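Single chain ahead, by itself, as structure tokens, in the form predicted alone.
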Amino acid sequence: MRGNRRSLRHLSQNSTNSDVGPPTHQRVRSAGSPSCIIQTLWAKKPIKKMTAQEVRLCGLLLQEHFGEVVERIGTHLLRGGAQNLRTIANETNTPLDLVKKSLCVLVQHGVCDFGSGRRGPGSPVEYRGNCERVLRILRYPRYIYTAKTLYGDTGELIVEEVLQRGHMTMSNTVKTVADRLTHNMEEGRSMEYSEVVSSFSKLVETHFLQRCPPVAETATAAPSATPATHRTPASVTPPTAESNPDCYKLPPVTLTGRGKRRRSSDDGEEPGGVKKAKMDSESCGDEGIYWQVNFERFHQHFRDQAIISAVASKLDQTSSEIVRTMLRMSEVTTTPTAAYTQPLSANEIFRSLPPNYSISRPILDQYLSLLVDDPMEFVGKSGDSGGGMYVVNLHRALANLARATLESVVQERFGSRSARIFRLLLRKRHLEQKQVEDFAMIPAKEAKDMLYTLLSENLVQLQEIPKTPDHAPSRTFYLYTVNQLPTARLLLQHCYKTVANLIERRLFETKENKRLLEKSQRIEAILASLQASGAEPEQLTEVEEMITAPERQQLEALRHHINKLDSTENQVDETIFLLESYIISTKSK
């Protein structure tokens, strides 16, 4: 996971200019790419108000991956809402050319939408930032690691390339990945295009990759100032990838050959190489068909893995394997917002179990009954045909996972006794202070202090129920309660703040040791060049000694510290994902 984060960060920085973003040839391509045409209109729907922590985290992510100018433009759009080009340039004091290039980068990666102005036909095009899409950058290493786990190194590089560039054609992706794999192979070996095509096809079949919405549906609405604009009102919803019937259909691409090994002399021939790559793409039969990462499908996989892990820790491995089988059978047919999976009969589950789980049918029925009767209610029974119809209760599972996360946070911050009170209020809903003391078996003074501490942190709420209209304290019930959804939202904001602090700390550490890191990179480059030219061991040792022992020790401590920060970011992101999934599930009920 950490290695993927580092490689992605370096790739993003290498593929961008110092302040703006992708190099010129990528910016030109993105200006005419499908996502720049298909997103010409947006629906007039209510805009979610973003918190200060979300905007701060989005700004840090944009700065780290795309540079300071893109971060300035993106943050301004997130704070100010929909604005036209001239307004953005004036309010950010940025040259118009840089604003155009920055918007091009943001649109290329789906971070910015644009559409006809609010004043109607003929008004300037307006741009609007997408906070949710920016926050997904934080999860890029997890997407890449998942692709590596499921489909090996080839799947990892395919997803990494598409994430890095926003969207790509299948032919360009296959050629780029084959070249990268060939470059890392031994001399004389190369990667065949057909192997990369096979991995690409598997990612599409399992819906991890999907086509970008087609150009033809909204191509006429692209130029906002043309007379054709009035034919498409601003309230029309832009097409989504799922609305395309060919969303997961592979184009008839003819790719034969092997990956080519990069040579040092190729660096100075980039424009010609880009032109050649474009010509090759046009001759493959998939021009105009672009592919993007299906984030919802990855999130569905993360959710399923969290449910499986929870069942394994609560019951046993066999129970988790049964739930895994049920989720795998319905992973493509279940929508991301569905409350339940598709009903599956016990006979279908029995036939689909892995061969190494040689359990009999009566044992399977007992396990299914155990899962249905479990208080966590991960599995439910929806009918009796086919030996019984069973579903996985996805929303209930997310609520239980979020509840366990809240309890864990309270226990880590305030101790086991406060966690006992918190769990008690979650279970009993409303309790007076005396009842909390009795049920939790905690002395009155300690229980009072713990309740007030949780109340001050907004983890517990106090509800007044007066007996009389005058709200006299002597004639009023004071009930403590826990509202799980607002508490989850509060914790989610704390998580955003934590990740932003971690990123700022990592950037600070890197800046403070910039000279040492640059020296280490130069020496590593020299060593790699000498090894490639067959230098003698004495020469290699002499170059290695250019870093002194104290510097080497400082460098090792720095790398250890940054690796720990990266690991912590990934762990906090897992909590963010669970809380976000739970909050979204409550909206879709």
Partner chain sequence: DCIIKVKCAHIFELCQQFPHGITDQVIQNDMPHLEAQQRAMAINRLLSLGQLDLLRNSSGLLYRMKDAQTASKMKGSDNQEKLVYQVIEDAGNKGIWSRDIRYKSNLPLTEINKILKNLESKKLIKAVKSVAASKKKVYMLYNLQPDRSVTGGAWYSDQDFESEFVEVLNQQCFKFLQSKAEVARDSKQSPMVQRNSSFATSHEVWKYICELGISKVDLSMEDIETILNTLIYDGKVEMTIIAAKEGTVGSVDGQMKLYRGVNPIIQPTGLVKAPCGLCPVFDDCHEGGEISPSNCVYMAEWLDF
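Numbering follows the first chain given and starts at 1. Here the structure is a predicted model, which means the values were calculated and not measured.
Below: the form predicted together with the partner chain, not depicted.
Please tell me which of Lys148, Lys101, Arg303, Arg420 lies within 4.5 Å of the partner chain in the predicted bound form, judged by heavy atoms.
The residue from Lys148, Lys101, Arg303, Arg420 that makes the contact is Arg420.
What is the one choice in Met168, Met450, Cys131, Ala440 with a heavy atom within 4.5 Å of the partner chain in the predicted bound form?
Contact check passes for Ala440.
If contact means a heavy atom within 4.5 Å, which one of 287-295, 460-468, 305-313, 149-157 is the stretch that engages the partner chain in the predicted bound form?
Going by heavy atoms within 4.5 Å, the stretch is 305-313.
Check, residue by residue, if Thr173, Asp179 and Glu348 all come within 4.5 Å of the partner chain in the predicted bound form, counting heavy atoms only.
Result no, not one residue of the spot touches the partner chain.
Does at least one non-hydrogen atom of Tyr193 fall within 4.5 angstroms of the partner chain in the predicted bound form?
Looking in the predicted bound form, residue contacts with the partner chain do not include Tyr193, since no heavy atom lies within 4.5 Å.
Though only this chain appears here, would Lys564 touch the partner chain in the predicted bound form if you measure heavy atom gaps against 4.5 Å?
Close contact exists here: in the predicted bound form, Lys564 approaches the partner chain to within 4.5 Å, heavy atoms only.
Within 4.5 Å, heavy atoms only: does Tyr367 come near the partner chain in the predicted bound form?
Contact check for Tyr367: yes, within 4.5 Å of the partner chain in the predicted bound form.
For Arg328, is any heavy atom within 4.5 Å of the partner chain in the predicted bound form, or not?
Judged by the heavy-atom cut-off of 4.5 Å, Arg328 is well away from the partner chain in the predicted bound form.
Taking the partner chain in the predicted bound form, which residues along 360-379 bring a heavy atom to within 4.5 Å of it?
Read in sequence order, the residues that approach the partner chain (within 4.5 Å, in the predicted bound form) are Ile363, Gln366, Tyr367, Ser369, Leu370, Asp373, Asp374, Pro375, Met376.
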